[in-house]
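What follows is one chain in structure tokens, specifically the form predicted alone.
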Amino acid sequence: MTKPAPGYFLGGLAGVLLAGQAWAADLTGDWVFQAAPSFPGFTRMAIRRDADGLHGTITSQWYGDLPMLDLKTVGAGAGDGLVFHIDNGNPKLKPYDLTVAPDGQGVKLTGQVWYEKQEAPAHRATAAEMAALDFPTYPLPAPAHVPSNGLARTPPMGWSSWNKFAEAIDDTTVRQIADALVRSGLRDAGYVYVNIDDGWQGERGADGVLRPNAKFPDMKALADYIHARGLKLGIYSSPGPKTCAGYTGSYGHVEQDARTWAEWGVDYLKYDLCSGEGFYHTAETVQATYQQMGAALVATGRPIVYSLCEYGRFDVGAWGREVGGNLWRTTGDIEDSYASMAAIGFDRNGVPRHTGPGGWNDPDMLEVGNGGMGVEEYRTHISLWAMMAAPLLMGNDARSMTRETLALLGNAEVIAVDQDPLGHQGLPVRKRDGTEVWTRPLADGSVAVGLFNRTDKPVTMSADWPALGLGDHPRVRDLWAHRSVAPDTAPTVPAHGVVLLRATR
């Protein structure tokens, strides 16, 4: 997915409970919040004092029971207030200040959690009130191997809704996108998955079955529409209670959701950690929760490509296949800028030995056609992803592509590099003064060679063919110019641009 929506990063919270010494002592006990902001949806707070000092827990609808770490009194006097920190397992974010202060007969929580302002009154709670807000916990499976589904023998190709539409996606738009893929020829070029990212989910019924929201009146009918056009339908969820955009996740309903999606006719699942990081923030728990869904998908009997989106944590490529995964994100979300794309493509593209038929490093979706980069930068974007054997998931509005965008996305010779059945990930063999030469061995014995210019001025570049094992006079084809070139040619590579070659000894 995915924008960094509420809950995608919580990192830490810090709070100060301000008042006099007598008031601080009176904070021990149970509290229930009223009308708290939906993110992170605080519901209750429990504070205890024992021989070891103060201890507390605050409960969130997104992250469950969160301990108040380092809870202690602060201020000029010994009891002028209480300070605490709450951590959901994401170490990248600075703490935020929260304040709980007297408010009539109760208290009021104010402050900020990530970018969401907080203002929530709370009253002292009975045992029954606290029990009614118990956050459910569920066991994770013991480590086990999930058998391969046999899918994604080459990197998946298709379209995903998030980069262009975020959560503002609906049934009509998805159908129109499917028609555009057919009409433009991109389906026949290999872009067959039509993936609905975050924003489709409604609520669960009394039977626990998750319904789509009003924007998607009939998922089975939508899947039938997609399939009738020779395409496949993808969907999105999270192992946590909430998705990144705050919709219903699969927490506590993993197997049930997998069966529902299979009944609808879903062909692809993107499983985004999101609020799950509040529960699963160690290597063992993250692997276990992805294993749980992997096994659930296999148990449905329907072939469903499984995309692991946990931002490259815990060396995911080393165990992604073990949990049934077909692709795994190597990084956080891409943005439609050269800086973001280049940082991911050149520097955070996963461990090459993890990539191969059935399982792929995923540096996130394509931004081509969204307007934040120039044509040479988008050409670099596609070329890098092809050299990495990365999934090619368009993120633009396929209904209104320019000829230029269509030519970039539909270049059959570049797609052939990405989809090469050998499945080796390309690597840089030379880095010098802002330029990089990458190579990727291909199944027919040829080698894809990328001449990348990361500087802001044109640069003349060349390949050392003997050093690449191709002799002095290989046959060379320029895949963007669609023509053969002399092996001793030293092309001028535009700023932020690329020359992508295929050379045969």
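Don't overthink the numbering: it's just position in the shown sequence, from 1. Bear in mind the structure is a predicted one, so any value in this text is a computation, not a measurement.
There is also a form predicted together with alpha-D-galactopyranose (GLA); it is not shown, and the following applies to it.
Candidate site formed by 198, 270 and 311: every one of these residues places a non-hydrogen atom within 4.5 angstroms of alpha-D-galactopyranose (GLA) in the model of the complex.
A heavy atom within 4.5 Å of alpha-D-galactopyranose (GLA) in the model of the complex is found for one listed residue only; from 336, 170, 333, 420, this is 333. Checking 261, 162, 328, 290 against alpha-D-galactopyranose (GLA) in the model of the complex, a heavy atom within 4.5 Å turns up for just one residue: 162.
Put simply, residue 177 is far from alpha-D-galactopyranose (GLA) in the model of the complex: not one heavy atom of it is within 4.5 Å. Contact annotation for residue 401: none of its heavy atoms lies within 4.5 Å of alpha-D-galactopyranose (GLA) in the model of the complex. Remark: residue 84 does not count among the residues lining alpha-D-galactopyranose (GLA) in the model of the complex, judged by a heavy atom distance of 4.5 Å or less. None of the heavy atoms of residue 296 is located within 4.5 Å of alpha-D-galactopyranose (GLA) in the model of the complex.
Annotated contact segment (heavy atom within 4.5 Å of alpha-D-galactopyranose (GLA) in the model of the complex): 236-244, selected among 236-244, 212-220, 145-153, 297-305.
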